[in-house]
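Quick setup: one chain, the form predicted on its own, written in structure tokens, and binding and motion questions come after.
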């Protein structure tokens, strides 16, 4: 009897690690992690979905992207509330509007849902927010590209999707600060130091038309939304101002190949949204599994494998994921 009991205990000890591993896998596979972009139609977030889908295929986890038909803060808030009611395990959000989504994310956390965001450093109700890079560094990087195009002199202004989009305004603020420190022959347009495009290329185009007509001295516009620089470029071409006024900002490579090859836009900057989508899901999984999130954080994604906390923050993690796109490399990225 004693030998039988010892044998049973030994067998239990031997197989328990395997049972634990299987249980861990089952627990991971049972998680439902949802990525909520600003919308589902913007090519930027279509690319993000590709990354999320790849992550699901690579890991076997129940991870998927679900977005609204258009960029709308109210619709995004409603979608997140639907997911809360659905009882998902983690929600990863790229916020349209900081102020309106923050209380909804509080509801999610109160319901025991892990909340990970991207481009939402000003949010309070998150477990963690991830950025592909330092917003200060990225804003300075965009300004460096605009300054080079402007030959480091002249009047410029800044364009953001809206005054409530946290990351865009941080980039613009950092770009202006970088200009004042490094490019003394450049001047911010005092009358309109910041304008809005509402993440719409036609609005960016119309706003740029009005600016160039109202302020003949205006030589450059620093864009932040992926719609800004392409919209501004249309205005530059229509007004016959190519090689006299300039823009730089974020944009998708293939969508802007003709603009870059023509020289209307000298360069664009961005990060790969597919990698950002994977990184959000990877961080959500770590939090769900109770892992310690201590810098440097390795999410297993290029550009997100040595993340550090932003100075003064214990929720925002920054990577090293920015890239520059020009006529020479526009076809190298595959999207």
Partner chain sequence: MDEMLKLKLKRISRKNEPYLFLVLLALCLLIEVRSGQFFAANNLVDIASALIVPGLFAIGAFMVIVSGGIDVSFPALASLSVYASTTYLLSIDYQGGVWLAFLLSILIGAVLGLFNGIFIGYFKLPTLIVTLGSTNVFRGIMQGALDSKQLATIPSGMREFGTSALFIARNPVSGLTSRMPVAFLVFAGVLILMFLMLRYTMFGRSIYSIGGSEVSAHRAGYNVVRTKIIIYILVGMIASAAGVIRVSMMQQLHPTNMLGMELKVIAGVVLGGTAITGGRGTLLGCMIGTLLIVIVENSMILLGIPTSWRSVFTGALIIIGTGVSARQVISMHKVKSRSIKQPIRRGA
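Each form is matched to the other, and the largest set of C-alpha atoms that superpose within 1.5 Å is called the rigid core. Residue numbers count along the first chain shown, from 1. Please read these numbers as outputs of a predicted model, since none were measured by experiment.
Below: the form predicted together with its partner chain, not depicted.
- Contact annotation: of the candidates 177, 188, 136, 239, the single residue with a non-hydrogen atom within 4.5 angstroms of its partner chain in the predicted bound form is 239.
- 41 is the sole member of 41, 59, 308, 305 with a non-hydrogen atom lying within 4.5 angstroms of its partner chain in the predicted bound form.
- In the predicted bound form, no heavy atom of residue 182 sits within 4.5 Å of its partner chain.
- Not displayed here, its partner chain is kept clear of residue 149 by more than 4.5 Å at the level of heavy atoms in the predicted bound form.
- Contact annotation for residue 200: at least one heavy atom lies within 4.5 Å of its partner chain in the predicted bound form.
- Interface residue remark: residue 173 is not counted as part of the site for its partner chain in the predicted bound form, having no heavy atom within 4.5 Å.
- Note that among 261-269, 231-239, 126-134, 141-149, the stretch whose heavy atoms approach its partner chain to within 4.5 Å in the predicted bound form is 231-239.
- Residue 163 is the sole member of 162-186 found to place a heavy atom within 4.5 Å of its partner chain in the predicted bound form.
- Once both forms are overlaid on the rigid core, the distance between the two CA positions of residue 145 between this form and the one not shown is under 2 angstroms.
- Once both forms are fitted on their rigid core, the CA atom of residue 237 lies 2 Å or more apart between this form and the one not shown.
- In the core-superposed comparison between this form and the one not shown, the C-alpha atom of residue 248 has shifted by less than 2 angstroms.
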